[in-house]
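Let's start with one chain on its own, the form predicted alone, as structure tokens.
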């Protein structure tokens, strides 16, 4: 940076969050884990009905909080709505950690985590994933020290797609001190079809230091409106609300979220179709020799090592925008139905680029 203003060095040294690039005409954007379906008519009608945009929204999103509380058997005070689950993660980190503290999280995981930790002023403690690309819960628990204020667990993990099973998570929670905040990031929970996968909501009553994060961006297809929610202890969420930007959730987003809950069966039918495409793509890639781990999200992870950038460019030239994390791997979102067969055809000619060590 060349600004004459003195900036915090830990912020100036970090790259900004990088959004998935747009696809060229006729191509497919498979880089941002977006839902490829447009919103259902009832959702669009709810959005169009919000004409009083000259007025501020309800700062607490009370109607949506009441609806979500009833859905999960919680008081409205145990629900916090924000501008996407990533915004709520930031608020919770800010409420719990600062300079001199530590925040522990798996790596590789959601690429915003290091940025968010830096913003709090705390120190990042990254725990490498296991060789099967799953999160090392024992490693996370072992990394907790007297300076640890927050531990983040992402399931299904972005970008590897692996899930944390309930039995392992219960052992993890038993090992973490009750004074440490545990953030269970479940942004892709609706795509999970594994019976053993942890569901954080029923565990909230057992662990007051646990907060579960969900979003309307993925399964519900509202990524462009930025709305998500956190579930947990009322006092914890009140502190997080204090750390947030006031009035960050618009009335349009709240109305769309409520309308989406009204048509949830139709939306979940779309989710089921996306998981069918995911499994079909995964089977096609595995048959070609790609070492792709089983995914429980709306994306796949290809550990491509040193060939990551080269393969990403080749796919881009073929019309497929994927997310590259050099030198580790590629994340491919599940998009339109017509993208699957063409993508498998393109990857068939690229599998030879994989390093022999993979």
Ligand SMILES: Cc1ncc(COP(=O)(O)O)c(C=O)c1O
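Numbering follows the first chain given and starts at 1. Here the structure is a predicted model, which is why all the values come from computation and not from measurement.
We do not show the form predicted in complex with this ligand, though everything after this point is about it.
*Tell me, out of 194, 226, 147, 241, which residue has a non-hydrogen atom within 4.5 angstroms of this ligand in the predicted complex.*
Contact with this ligand in the predicted complex is made by 226 alone.
*Contact assignment for this ligand in the predicted complex, among 89, 135, 81, 104, heavy atom within 4.5 Å*: By the 4.5 Å heavy-atom cutoff, the listed residue in contact is 89.
*Contact label in the predicted complex: residue 236 to this ligand, heavy atom within 4.5 Å*: No, no contact at 4.5 Å.
*asked:* So in the predicted complex, is this ligand close enough to residue 187 to count as touching (4.5 Å, heavy atoms)?
replied: Judged by the heavy-atom cut-off of 4.5 Å, residue 187 is in contact with this ligand in the predicted complex.
*this ligand contact at residue 158 in the predicted complex, heavy atom, 4.5 Å*: So residue 158 counts as contacting this ligand.
*asked:* Taking any heavy atom pair closer than or equal to 4.5 Å as contact, tell me whether residue 151 reaches this ligand in the predicted complex.
replied: The answer is no: residue 151 has no heavy atom within 4.5 Å of this ligand.
*Choose from 241-249, 166-174, 267-275, 211-219 the stretch whose residues reach within 4.5 Å of this ligand in the predicted complex, heavy atoms counted.*
Comparing against this ligand in the predicted complex, the contact stretch is 211-219.
*asked:* Does this ligand, in the predicted complex, lie within 4.5 angstroms of each residue among 85, 110 and 113, using heavy atoms as the measure?
replied: Every residue of the candidate spot has a heavy atom within 4.5 Å of this ligand in the predicted complex.
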